[in-house]
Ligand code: LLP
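This document opens with one chain alone, in structure tokens, the form predicted on its own.
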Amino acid sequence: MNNIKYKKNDLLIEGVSVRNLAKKFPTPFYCYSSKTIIEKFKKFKNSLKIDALICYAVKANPNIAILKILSKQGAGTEVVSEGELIRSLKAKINPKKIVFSGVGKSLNAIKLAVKKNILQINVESEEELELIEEITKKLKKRMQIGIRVNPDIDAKTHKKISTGRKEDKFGIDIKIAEKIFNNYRFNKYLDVIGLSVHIGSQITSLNPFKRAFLKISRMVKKININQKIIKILDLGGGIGINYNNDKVINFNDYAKIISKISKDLDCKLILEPGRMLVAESGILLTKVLYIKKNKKNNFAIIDAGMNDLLRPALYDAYHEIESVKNNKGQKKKYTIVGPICETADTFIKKKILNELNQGELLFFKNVGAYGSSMTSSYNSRPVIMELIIYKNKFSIIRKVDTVSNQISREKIPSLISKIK
């Protein structure tokens, strides 16, 4: 997959010149290769060799254009909020391919999920299960339920994106989950037949998956020993990508583990990839505003800030940064920073690049996941535009949310006008 590449003195995305895009639209902006997303999905699906429903984790990138692309490949979605559910429905995702996870589902979100007859709600606490039962009774509906368990497995990923350890907020203890399956097996409104697990994100080793899936397999066999109660097995997602010479998981090896643990369980499988389907499809294009020097640093101050790409400030995440101008020149070390009034607005230190000049175009790699989805208007900055490329043509898939639009949602009430 080489849909983003240099040609002469320019960067091309599926044949479209990034330099020309920058002449047409103000930086910064996100730009995606649709072909990369499609190729990633097909590669993952074809590696499985088993029947499984692939539900894209919407939180990675919730743009409805991207949801539509994946839907056309046969994907469903995994959502964690009412907003993500609404987006999925707007993108015409089949409700019977939508799974609703998350520890803090609101009353309105659960009502919407029940009314739309989505495939499954993955429950993360006994209190949540009781609330869903109340809602289904009032609506006279029957809802399919998955119990998300916490297997107490350390995925060896960043502590802020680990979800499968006992100290993490996600999932239900396995012993409590076993009791829930037994207690709700004859419930009139809840069809508790699913088991769900997700141990974290950006996982680059197969071992945590092996350990978690083995625990889950044993649990299914134990509960189903006399009667088939668990019929659906949701194995989550979490496969990492190569940001900085990271070792990545081979899809075929991952598929072999799933095939091995599931072959005797006779359960319908759900998988929830997110990052690995979309991350490599996206770049963030930015421009050098100023070159500032002091005794310790050459600062390249760019027009993209931490509000546009939060991951480096939030997780100390690494994103490779390169110049669109792929020419030779004197090498210098730059600390690349944004315009936000926070020291945390630092993207990379001591990056070796050809000598940079004011106005030069740079781009961040692998930002298709958790880039635009985490943007904000901090410092009263506009939420930036998103573009997508398909067959040598580009389209805007998110307009710039201007500061004027932000202010239009605010109000100076009459009581403030009276203040002296």
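What you are looking at is a predicted structure, and each value in this text was computed from that prediction instead of being measured. In case it trips you up, residue 1 is the first one in the sequence shown, and so on.
The protein also exists as the form predicted in complex with this ligand; that form is not presented, and the subsequent description refers to it.
key: this ligand contact at Ile50 in the predicted complex, heavy atom, 4.5 Å   = No - in the predicted complex, heavy atoms of Ile50 and this ligand never come within 4.5 Å of each other.
message = At 4.5 Å between heavy atoms, is Gly238 in contact with this ligand in the predicted complex?
response = Gly238 belongs to the contact set for this ligand.
inquiry  = Lys59 versus this ligand, in the predicted complex: is there a non-hydrogen atom within 4.5 Å?
reply    = Flag for Lys59 set to yes.
This ligand contact in the predicted complex: Ser88, any heavy atom under 4.5 Å = Answer no; every heavy atom of Ser88 is more than 4.5 Å from this ligand in the predicted complex.
query = Want to guess which of 201-209, 321-329, 88-96, 345-353 is within 4.5 Å of this ligand in the predicted complex, heavy atoms only?
reply = So the stretch in question is 201-209.
task = Just give me the single entry in Gly76, Gly146, Gly282, Pro273 that has a non-hydrogen atom within 4.5 angstroms of this ligand in the predicted complex.
result = Here the answer is residue option Pro273.
task = Taking 4.5 Å between heavy atoms as the contact cutoff, choose which of Phe394, Tyr370, Phe44, Phe29 touches this ligand in the predicted complex.
result = If I apply the 4.5 Å criterion carefully, the residue I get is Tyr370.
Residues within 4.5 Å of this ligand in the predicted complex, restricted to 312-335 and counted by heavy atom = Contacts from 312-335: just Tyr315.
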